[in-house]
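Shown next as structure tokens: one chain only, the form predicted on its own.
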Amino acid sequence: MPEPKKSLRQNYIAQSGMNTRSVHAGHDNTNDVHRSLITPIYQTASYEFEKVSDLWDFYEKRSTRLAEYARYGTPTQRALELALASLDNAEDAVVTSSGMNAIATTLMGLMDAGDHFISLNEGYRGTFKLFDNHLVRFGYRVTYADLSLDAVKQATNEKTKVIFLELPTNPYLKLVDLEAIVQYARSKNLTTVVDATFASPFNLKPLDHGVDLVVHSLTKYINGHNDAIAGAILGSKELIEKVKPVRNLLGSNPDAHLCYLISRSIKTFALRMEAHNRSSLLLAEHLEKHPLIERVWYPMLASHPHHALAKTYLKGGGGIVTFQVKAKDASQDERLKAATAFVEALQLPTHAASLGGVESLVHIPTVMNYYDLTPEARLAVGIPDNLVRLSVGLEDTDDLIRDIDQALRASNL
């Protein structure tokens, strides 16, 4: 349906910086008789149409009415979608019940049974479970490729429709030459989709590099307070109209109050990301020099294998620092003991799943994500048992460093 004409103020906001857009984008009170400063929570399941002809106008797209039923949206939800579109330089956006739902909805909206898609072979394990255990049951086929253009080319066949990339990857924060893959995809009429959750729109705007659709777990940096779960899909109006019916029919849009909470969090999004970037780099540099750390992965470190790509595509490294703690010997048992002792000695970071919140969170991928695999199987997919993933929050950096140092000392006794 057509969007209301943008006001002069909204056009000004659209041309402003990230802090300004974080505060103002998405909110429009020009049709609100009360002129509320914040978009209200529209807690409704249905909408009234005064005349039958009004409903005809709505269905035939002669009206600017948002919906006739809240499963298709609310003004609170739409304000969030417009704010997200502004942050990512997208024409349009839809929000979903989770980041995982955003991925599933996107692929279901772009492909038919029998179609094939390519995914990088490093990323969030839950995404791979979605692909391998569920989407295949609907007739979709996936091939996993190494992080290179050549590998993506080799994985392409006559049924390929989509290239799915998670950037940076979980847990090693690796990258690909995004523009090279986009150029190849366009030459083959393939749709590119990037899960940019780890980067957030502050550090990477894939659409600016020619990507077709972006997905986010809003649960992470965009909401940033560990109190809401939602996802988003962003891109051109044409492609959003392909995925929106799937979202609407599945009923996977978040409720109005949740949308309000995330919109509220976005107002400090840019400020939070600056702090995440700054503190994480300082922590990564400190860990890399520490005698009780075996190796550190952070894209803004010169030692990271994809540092050159990070300098090309990322504004900052984000809030994830992945590292291996030193063990007494190279056995998996000792490695897991070392990681466990370190995590349990920490006082500030909380041992919990997720990332991107104001609280620092820490976990051992072996236990949190790969508990069902043998040590040998974990090593085969690149997960040693002394690996630790730290989501750096907004605590004072000096306090986090002091805590990490004491935990490393305690775990090495």
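Computed from a predicted structure; not experimentally measured. Heads up: residue numbers just count along the shown sequence, starting at 1.
Beyond the structure shown, there is the form predicted together with a small molecule, which is absent from this document and is the topic of what follows.
Chemist: Could you confirm whether residue 200 comes within 4.5 Å of the small molecule in the model of the complex, counting heavy atoms only?
Modeler: No, no contact at 4.5 Å.
Chemist: In the model of the complex, does residue 81 have a heavy atom within 4.5 Å of the small molecule?
Modeler: Looking in the model of the complex, residue contacts with the small molecule do not include residue 81, since no heavy atom lies within 4.5 Å.
Chemist: Look up in the model of the complex whether residue 387 has a non-hydrogen atom within 4.5 angstroms of the small molecule, and give yes or no.
Modeler: Taking the distances in the model of the complex, the answer for residue 387 is no, it never comes within 4.5 Å of the small molecule.
Chemist: Under a 4.5 Å heavy atom criterion, is residue 99 part of the interface with the small molecule in the model of the complex?
Modeler: Result yes; residue 99 sits at the interface with the small molecule in the model of the complex.
Chemist: Looking at heavy atoms inside 4.5 Å, which stretch does the small molecule contact in the model of the complex, given the options 334-342, 150-158, 211-219, 297-305?
Modeler: The contacting stretch is 211-219.
Chemist: Could you check which residue among 240, 287, 103, 314 gets a heavy atom within 4.5 Å of the small molecule in the model of the complex?
Modeler: Contact check passes for 103.
Chemist: What is the one choice in 124, 72, 184, 131 with a heavy atom within 4.5 Å of the small molecule in the model of the complex?
Modeler: It is 124 that has a heavy atom within 4.5 Å of the partner.
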